[in-house]
Ligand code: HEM
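Only one chain is included here, represented as structure tokens and corresponding to the form predicted on its own.
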Amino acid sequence: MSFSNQNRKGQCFKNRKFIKIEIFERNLMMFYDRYGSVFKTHVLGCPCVMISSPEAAKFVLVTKSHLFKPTFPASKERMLGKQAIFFHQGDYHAKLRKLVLRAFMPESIRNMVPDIESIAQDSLRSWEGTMINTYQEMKTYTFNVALLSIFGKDEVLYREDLKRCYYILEKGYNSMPVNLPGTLFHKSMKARKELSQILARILSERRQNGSSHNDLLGSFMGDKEELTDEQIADNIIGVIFAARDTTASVMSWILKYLAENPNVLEAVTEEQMAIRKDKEEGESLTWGDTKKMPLTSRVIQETLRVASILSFTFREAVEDVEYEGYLIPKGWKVLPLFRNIHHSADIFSNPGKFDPSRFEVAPKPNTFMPFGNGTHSCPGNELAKLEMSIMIHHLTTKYSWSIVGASDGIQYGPFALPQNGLPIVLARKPEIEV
């Protein structure tokens, strides 16, 4: 129900209708058009307040964030681990966020550029001349980058075991939490236990070696932080989850939008070729090179806006909260609808159009939140943008691609994806003088 000046101070939201979360994902704008920027409904049986105005999103995520705790399905909490950063707020959350930021801040990830570039090049070579599922292949790319950021160059020692366990684990993220033999949840929990055992072995080996590391695991293991092995394992698994599917989804949409907008693709290619022109044959990209990609950066931003991979986020009121004369009762879910904000014609002109030039001017505060907002915003956003920029550089300068089949549909897995994961055929461009 929309806010109205005629409503009495402190009144509760009136009920709307019961909807399933999948239907809600597909009809964000329809509900906005029908009920306004704030309304109440039910999602999976829970009373929820949907908000899609920048002011209300700021209230929930920033100004009064301590009154709204993050909340997730029970199965996901058990699989990622109850000590993971997503499920907490207050001092423990602040400490974890500081540790993650320390490993993912620009000063820390700048030295990763050659290694990320090597992963990107290896990935592209393996895709040449075949039809691939873009999303699935990008998941492998982002998984390998995530392991690099967590374990540094040691990741090659554990990659296959970690991959095997994690790929089983992820299949049960959205399953019913019924831990009986034969169920997806049971198989996932077994994989999670083995994953924790692998992580415990890595921790033990590092302690025996006594050497320091600048990766995320090294940040978690700092003596002053006094995190338990369980806390470290939960947060490592959580970071892999956060770093993988979302970035892979964005990369899939980038390839789709570039293929459908040849003028933009040509301009991005020219920008990237100018960087390549200044390099010796075989010379790696540098951190400085990644800062010479303003158009590429705008393409990433516009993709994040149009695709809105993170359509919404769940919060739960920890006490009765009053906002603009309305009462949000304790225990109710509150969902800031990022997709609605990103597609509001009042904020972005012609919002359905893919137009990177709109980001030549910075958007107004709280109108562009692809990585969330406030204390729970994604601390790995700089790494995500870096790995996307590096992949785009090599894609546009060395390859061409064509989409196979229809590409207009959207599916959810659980994030918004191009239809069928965007099947493409990737071909190497003829070598040219640069």
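Being a predicted model, the structure only gives us computed values, none of them experimental. When you see a residue number, it is the position in the sequence shown, counting from 1.
The discussion below concerns the form predicted together with the named molecule, not included here.
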Contact stretch among 83 to 91, 153 to 161, 123 to 131, 276 to 284 - heavy atom within 4.5 Å of the named molecule in the model of the complex: 83 to 91
Candidate from 50, 390, 60, 384 lying within 4.5 Å of the named molecule in the model of the complex - any heavy atom: 384
Sole residue of 186, 97, 213, 353 within 4.5 Å of the named molecule in the model of the complex, by heavy atom: 97
Contact test in the model of the complex: residue 143 vs the named molecule, heavy atoms, 4.5 Å: no
is_contact(residue 310, the named molecule) in the model of the complex, heavy atom dist at most 4.5 Å: yes
4.5 Å heavy atom contact, residue 377 to the named molecule in the model of the complex: yes
Close approach of residue 246 to the named molecule in the model of the complex, 4.5 Å, heavy atom: yes
Heavy atom of each of 295, 343 and 359 within 4.5 Å of the named molecule in the model of the complex: no
Partner contacts for 347 to 370, taking the named molecule in the model of the complex and a 4.5 Å heavy atom cut-off: 370
